[in-house]
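Let's start with one chain on its own, the form predicted on its own, as structure tokens.
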Amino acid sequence: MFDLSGKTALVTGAGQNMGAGVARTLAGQGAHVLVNDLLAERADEVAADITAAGGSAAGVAFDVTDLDAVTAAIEANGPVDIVINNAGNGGAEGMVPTQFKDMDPAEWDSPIQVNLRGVMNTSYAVINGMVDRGWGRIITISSGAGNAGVGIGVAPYSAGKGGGLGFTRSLALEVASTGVTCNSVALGLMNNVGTSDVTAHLAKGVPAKRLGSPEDVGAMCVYLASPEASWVTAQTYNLNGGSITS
């Protein structure tokens, strides 16, 4: 089950953290993985690790907010059967938590661009090919901040992630009859947060008493990308260790 042999998967933002874990998990199930990152050296390092472990991968560096760059990379490395829209956070410029009332509206640009337009760009670049071939998987990595909101000064991030959720659901319904599925995964607190003391403190608030891992996210993506999930589309899965979401 969950065999991805013969499929090519693009994982955006996969040069580190959750994206790297997802890329390794997909490769472990037989997919050829295109490891994307803004920085070529990070993408190439993860791809080399996958290859050394017996998998198949290649690094592809581009900015998901640049549609021409996305399209060129997919044309050069495709056809792409599976897209994991993982690139996010604050984008190339980063993000400093700031309360909305104290924020310059210009600070919204980068988080909205990467978390929403980046998802749209990669999806746009692959959707026609997927529909023509009668098979495809688009999986958007979102956040509880996108479907429940958080009060920690990341409203642009929440807006971008929420927009990605809505877009992915709508796209799913448009192509549901073609063999292409589109789903989202809304993550809770993950274990890429720095020191062990901080990790332990945050984990206390999670019913499962631990934070999420790259392996948790990778396993969910493998299922949604698999042939066995062909009747699953337009859904958002909350992957958060039992944390309450609205």
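Residue numbers run from 1 along the displayed sequence. Since we're looking at a predicted model, the values are computed, not measured.
A second form of this protein, the form predicted in complex with a small molecule, is not displayed here; the remarks below concern that form.
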property: Contact residue in the predicted bound form, from 226, 233, 17, 238 (heavy atom within 4.5 Å of the small molecule); result: 17
property: Proximity to the small molecule in the predicted bound form (heavy atom, within 4.5 Å), stretch among 157-165, 123-131, 170-178, 96-104; result: 157-165
property: The small molecule contact in the predicted bound form: residue 42, any heavy atom under 4.5 Å; result: yes
property: Residue 37, heavy atom within 4.5 angstroms of the small molecule in the predicted bound form; result: yes
property: 4.5 Å heavy atom contact, residue 82 to the small molecule in the predicted bound form; result: no
property: 4.5 Å heavy atom contact, residue 64 and the small molecule in the predicted bound form; result: yes
